[in-house]
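Encoded as structure tokens, the following chain is the form predicted alone, with no partner shown.
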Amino acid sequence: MVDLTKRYDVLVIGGGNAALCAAIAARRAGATVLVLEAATKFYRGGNTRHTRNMRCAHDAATDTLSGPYYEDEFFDDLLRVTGGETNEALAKMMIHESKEMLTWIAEQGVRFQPSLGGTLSLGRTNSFFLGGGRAMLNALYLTAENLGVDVLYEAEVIGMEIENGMFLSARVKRGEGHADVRAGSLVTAAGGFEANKEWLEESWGPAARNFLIRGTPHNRGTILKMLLGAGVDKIGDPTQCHAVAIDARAPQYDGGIITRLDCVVFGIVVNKHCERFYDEGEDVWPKRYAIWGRLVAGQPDQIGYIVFDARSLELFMPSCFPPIKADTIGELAQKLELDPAALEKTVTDFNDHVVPGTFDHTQLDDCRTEGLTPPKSHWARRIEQAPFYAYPVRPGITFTYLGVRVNHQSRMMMADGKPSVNMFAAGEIMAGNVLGRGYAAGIGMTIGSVFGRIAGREAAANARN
């Protein structure tokens, strides 16, 4: 039974990967720790439940990684996907610290497996969790509880007492009851605000009404607003986020990884007017999949359609929904409620500009278009072999990048430029320090694990002092 009247050394708000890494690190450092998770025990873990892998630097191949992924290459990849919009010193520290995470995470009971197939191409760079994100969470919770970390579910933080950058207590709602929880240090790992449609609409306008939320409905930014209101410095653009193109038939919340579509590189993507709007083969999919949510968000009615033919059907991991199938492009358009003549013209124009090459879905090949706007730089093949297929897609928001500013100790910085007295952050709520924009597969879990471990360790030391 959790005793909310006692004063803990470290209070962790959140229940996902970042929160558990912080709780375990703090407990291993000798602190008493309480974790407050707003969800039920079954739905614990926020967006971590839907993850599959983590990107970490390493100097050699392992049993589950096919080769080295050096720190410099990791940093170059991060610069490329963010366009340089990152705190370079903080990012380099994270990448260096990530080298220890594969061993440290395994020591907490998490197991890995070889890379999955499809268009992921991550066998060298990313470690896949055996059993996925939920199995990872179960291992971390088991370790935390065995170490003596207290965990409280269905515990919603509705208020915090913060004075001059110092956390004093949190007001917690459980059922009809309320309690004030005191702690020497605070770690917030409560996610972004992607499930708060009203907040999204403030930045995106009416387009946000058509967004789907890939993960938990609990990430409404409540804790983030409290912290910013208490004088914590903010970082990031509220319109920047991890947003991918997901099956338009997905549920409003919690569709997870099985609604993501990895077939963009094998076909063309058109909007409701049957117009292509971006290079589908710009780069390897793990470095470009997270731009497609924003691209679709910029199209009329925030809807797009991935069109491909029979040759590509088994080259990618499918959605949980079957593709729409037809014997002709015109018939496919009718099933999609698009203009048949317009879609036929777009496909014909694309086919007429394809330059034949040697198709190789595992690398940047020489199959491209010439004289077409927008181009398709790689994996361009004529769409001509029946049957034809399509997936309708909408923007799927994973997490937002607006968050709290932190330093190398994962300590929150105040708006006046001073570090907070005893407040730390990890995971999505501070991801904007590293991700100004863009995304590469597995970096979210890197941010959560690395900064979670740092935050827990530093929060425990701070509480002792």
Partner chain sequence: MHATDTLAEADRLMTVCNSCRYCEGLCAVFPAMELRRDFADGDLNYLANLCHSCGACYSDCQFSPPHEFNVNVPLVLAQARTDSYAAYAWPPAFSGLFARNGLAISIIAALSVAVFIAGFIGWADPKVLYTAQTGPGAFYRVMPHNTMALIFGAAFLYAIVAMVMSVRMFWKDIGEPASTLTEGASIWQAVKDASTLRYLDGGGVGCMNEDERPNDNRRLYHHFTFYGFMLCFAATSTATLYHYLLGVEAPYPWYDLPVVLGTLGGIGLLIGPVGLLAAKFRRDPAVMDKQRYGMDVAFLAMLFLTSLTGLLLLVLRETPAMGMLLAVHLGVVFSLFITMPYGKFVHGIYRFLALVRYAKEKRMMEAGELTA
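Here the rigid core means the biggest group of C-alpha atoms that line up within 1.5 Å when the two forms are laid on top of each other. Numbering follows the first chain given and starts at 1. Please read these numbers as outputs of a predicted model, since none were measured by experiment.
Keep in mind that the form predicted together with its partner chain is not shown, yet the notes after this line are about it.
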| request: Sort through 201 to 209, 105 to 113, 235 to 243, 345 to 353 and report the only stretch with a non-hydrogen atom within 4.5 Å of its partner chain in the predicted complex. | output: 105 to 113
| query | Wondering, does Asp254 line up within 4.5 Å of its partner chain in the predicted complex on heavy atoms? | reply | yes
| said: Test of understanding: in the predicted complex, would Lys272 fall inside 4.5 Å of its partner chain by heavy atoms? | reply: no
| message | Under a 4.5 Å heavy atom criterion, is Asn146 part of the interface with its partner chain in the predicted complex? | response | yes
| message | So in the predicted complex, is its partner chain close enough to Glu314 to count as touching (4.5 Å, heavy atoms)? | response | yes
| query | Among the candidate residues Asn196, Ser319, Gln299, Ser98, which is the single one with a non-hydrogen atom no more than 4.5 Å from its partner chain in the predicted complex? | reply | Ser319
| field | Gly281, Pro286, Pro392, Gly133 - the one with a heavy atom within 4.5 Å of its partner chain in the predicted complex | value | Gly133
| task | Output the sequence-ordered list of residues from 21 to 53 with at least one heavy atom within 4.5 Å of its partner chain in the predicted complex. | result | Lys41, Phe42, Tyr43, Arg44, Arg49, His50, Thr51, Arg52
| said: How about Tyr389 - superposed on the rigid core, does its CA move between this form and the one not shown by 2 Å or more? | reply: yes
| field | Rigid core superposed: Phe193 CA moves 2 Å or more between this form and the one not shown | value | no
| query | Does Lys325 move its CA by 2 angstroms or more between this form and the one not shown when the core is aligned? | reply | yes
